[in-house]
Ligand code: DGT
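The data below hold one chain only, encoded as structure tokens and taken in the form predicted alone.
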Amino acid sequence: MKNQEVARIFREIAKILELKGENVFRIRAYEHAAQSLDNLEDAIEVVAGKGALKEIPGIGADLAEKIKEIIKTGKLKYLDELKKKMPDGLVKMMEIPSLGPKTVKKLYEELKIDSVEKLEKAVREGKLKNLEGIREKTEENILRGIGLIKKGASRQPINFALNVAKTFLDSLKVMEEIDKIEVAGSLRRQKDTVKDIDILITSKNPKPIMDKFVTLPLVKEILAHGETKSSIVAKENNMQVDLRVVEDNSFGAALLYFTGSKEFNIKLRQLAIKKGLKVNEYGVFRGNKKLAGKTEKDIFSLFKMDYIPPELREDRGEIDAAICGKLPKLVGLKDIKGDFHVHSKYSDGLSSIEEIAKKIETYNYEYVAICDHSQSLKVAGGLSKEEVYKKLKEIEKINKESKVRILSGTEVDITSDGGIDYSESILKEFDVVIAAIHTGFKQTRVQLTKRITSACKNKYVNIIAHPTGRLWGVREPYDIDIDEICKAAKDNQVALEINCYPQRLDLSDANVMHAKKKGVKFALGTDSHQLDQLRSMGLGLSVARRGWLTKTDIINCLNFDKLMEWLKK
């Protein structure tokens, strides 16, 4: 987890520099470096040992030295010096959505507010009303943002939880005392956010395992230390991790029970009662006789139903579908032929198109769409008309030699009135056009819905990117009429994106399931700005699977020829 620790330090530096009003490029350098480290496949200590830190995107000589210092000492002198000049609470206040550095500075200098708690109290007491630039709507947004922070404190995004779980699993599964080891809970169900991590093991000699678990480097606090169950708080974001020993002949029952969800377990228990059975974490029983429990498949077979994948266990009709043999054959990574949302150096990506093409080859994809930002989004290096044609020529040249087909794409802005910020003469040059809202998030439900439905009706638009605009811990989904958008998407053969970027995962699984019922097609895009982010396709697939999608629902599962037919329609 050292990667995440270094990334956290760099992000904290970026926030302090923003509060100090430092150069924006310097701030972004730390943010880009943190992003690179979040997505780095190898442990940062290993990369440093090879002398390859400067090969990481966004890491130059100065940041490489800072990383070495963090690895060696566990802290960074430069951050300590910055923090001495800045109250700790101000950095936390910067995490409140819609609260920028200028406002945080004003609140501190004029009202001596230096913590989220003091800010919430001041808003509720009406003390912000006399500050210049603070309106009633601003106060509402601040309280809503504080609520998001509190909510985020109890749950973590799935990619973070996966990294924490992997660290523990990698440390434990090498122990010869362990016979079986599996993650359970909401992480196994691949929910987009996770409260805590449950790990189950079988072992004839669990004491050494429990002793090692509570003394691992990632442990911040020991909550319980027993021979059959131990609980700890991890150093990273205070995430709780529970390790539990179960009997081998009850492992399947325990895995089923602790995977959940609670609603799924209740429905299964109700079904068991109707059959004169009892199901719990130890097995399935008729009276005192144990009928099943060693594997989950044994239990599902006993109930005469198909195996239900963990992602579907939410009591949304999966039990009835399993009994009737009507569960969907969920999409898998092997079904994916390409990625529809990748940014290059032409806008705000860190890699060239040629570098992206070579990396995509390692994924065994047939194609990738390079969808850089359009001219309106200048903050993200949106492309002018001249830059568009330069990019198109480069793609044409690379395609002559590349094993992967590069699709010329663009991520266009949906304007406030539902228009597109490129003319038709430019739009028709692209293979793929994805449209997105990047501004005006606080418009009314009617306005936002109309913008998206209008974009669907543009004959050149193929995909609506991150349709609800959510950013985990930063911005709630904006208020839209999902039924209207589904109708417009279906009627105009426009796919809705499942954005795989960990902080987005937008659409949500519930919206995906709803849109599928309306006959909508979907496109998965990693929204990658650097090469390691291409791996997040798996997170988007988790959303797709939780939304009951099969490969026929997703245009990424079309081979290149079929895809081009679909796009041209």
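The first residue of the shown sequence is 1; numbering continues from there. It should be emphasised that the depicted structure is a prediction, and the values quoted were computed from it without experimental measurement.
The form predicted together with the named molecule exists for this protein as well; it is not shown, and the discussion that follows is about that form.
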property	result
Answer option from 409, 145, 349, 260, heavy atom within 4.5 Å of the named molecule in the predicted complex	260
Of 470, 337, 155, 405, the one that lies within 4.5 Å of the named molecule in the predicted complex (heavy atoms)	155
4.5 angstroms heavy atom contact with the named molecule in the predicted complex for residue 318	no
Residue 438: touches the named molecule in the predicted complex, heavy atom cutoff 4.5 angstroms	no
The named molecule contact at residue 265 in the predicted complex, heavy atom, 4.5 Å	yes
Contact test in the predicted complex: residue 359 vs the named molecule, heavy atoms, 4.5 Å	no
Segment that reaches the named molecule in the predicted complex - one of 80-88, 205-213, 187-195, 107-115, heavy atoms within 4.5 Å	187-195
